[in-house]
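First comes one chain, alone, set out as structure tokens in the form predicted alone.
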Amino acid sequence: MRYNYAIIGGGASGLMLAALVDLNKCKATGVIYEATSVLGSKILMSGGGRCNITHDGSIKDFLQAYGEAGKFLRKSLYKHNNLELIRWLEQELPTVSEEGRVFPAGFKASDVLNFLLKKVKSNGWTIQSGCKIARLEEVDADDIIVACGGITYPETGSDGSMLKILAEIGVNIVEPRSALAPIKIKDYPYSQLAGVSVKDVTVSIEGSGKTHRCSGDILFTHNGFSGPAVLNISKYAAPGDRISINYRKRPEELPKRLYKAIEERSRGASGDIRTKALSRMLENDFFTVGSVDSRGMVTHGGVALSEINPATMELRPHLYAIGEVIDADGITGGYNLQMCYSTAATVADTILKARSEQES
């Protein structure tokens, strides 16, 4: 059967698009192709199972959360902002704000997924799960929307295979890499501190002639670092890069276990604590990146933004890309699901406008 619209990927952005477009009203047909047997499995993982759907701040402040991609996303974010997303959800699903982060009131990601699936089904979309697309020629539809996610959770269908297919037809692909991920450290000296956290530090990554900085909380793990500041800067890290931490604290303000570990590392050959070394370590505790965890929350890279019309999300005639598959990703705090919604809503506008023009 030939469809008017085919969405490749039944994750957050694909389901949001289908939930926004009522095929019954616009007298059209549409299908969602999902590679796995379960739709929206990554939604269930988001926010630790609580689903941090967006942020409640000013949409003007959102742009910086996406780094260089913020300029590209401006049109879709401004037109379909966080307040619109919250109002849309609250038709059936109350939300709550916790330190700026917006969650479903029940703090259950399954509530968000069920909300989307209910709308998708009532909107008349056909769902074909367990259907992995190997070539675009297999998709019999007037318009194709690529919404297949990134590379970091292949068991959810986000395995990067569609990026290779797009590259074969000449679409420029920025090499995808794990982002919002813990960083593992070479010769890590703090394994005994796993579980210790420190608030308001500055983390720096130096590599390829560039330095990136991010402030926030960090968490010590058994083989490296995690926590918001590390997750948010992880997309810039690569093996061999230098990562340093400025604790921005007086010794008495640090967790006792951490300060004791730093003291031990500052001892000289005679066993005495070297005061200058200790002072330097508090301001510049540096390490070498061993690797970035491959199972990051999102993917950095994907379809190059230069390929996409930001007003329509079209990358070729009748071919669109939305959500995590494009080279745009945000920091923690609900910004990535907001990006999925805003780009999906932009394509929904395009679809509904085209149907309206056809009817007239």
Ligand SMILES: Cc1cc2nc3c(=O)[nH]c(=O)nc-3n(C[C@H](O)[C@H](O)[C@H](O)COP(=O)(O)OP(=O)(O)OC[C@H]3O[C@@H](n4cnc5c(N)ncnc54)[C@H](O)[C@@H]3O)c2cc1C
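Start at 1 with the first residue shown and count on from there. What you see is a predicted model; the values in this text were computed from it and never measured.
Here the subject shifts to the form predicted in complex with the ligand, a form of this protein not shown in this document.
Participant: Within 4.5 Å, heavy atoms only, one stretch in 23-31, 303-311, 57-65, 317-325 touches the ligand in the model of the complex. Which?
Facilitator: Of the stretches listed, the one contacting the partner is 317-325.
Participant: Name the residue from Cys131, Leu93, Val174, Ile273 that puts a heavy atom within 4.5 Å of the ligand in the model of the complex.
Facilitator: Contact check passes for Cys131.
Participant: In the model of the complex, does Leu337 have a heavy atom within 4.5 Å of the ligand?
Facilitator: Yes - in the model of the complex, heavy atoms of Leu337 and the ligand come within 4.5 Å of each other.
Participant: Residue-level question: is Ala147 within 4.5 Å of the ligand in the model of the complex, judged on heavy atoms?
Facilitator: Looking in the model of the complex, residue contacts with the ligand include Ala147, since a heavy atom lies within 4.5 Å.
Participant: With a 4.5 Å heavy atom cut-off, would you call Ser161 a contact of the ligand in the model of the complex?
Facilitator: Contact with the ligand, yes.
Participant: Taking the shortest heavy atom distance, is Met45 within 4.5 Å of the ligand in the model of the complex?
Facilitator: Heavy-atom contact with the ligand at 4.5 Å: present for Met45.
Participant: Note that the ligand is not shown here; using its position in the model of the complex, name the residues of 1-31 with a heavy atom within 4.5 Å of it, in sequence order.
Facilitator: Contacts from 1-31: Ile8, Gly9, Gly10, Gly11, Ala12, Ser13, Gly14.
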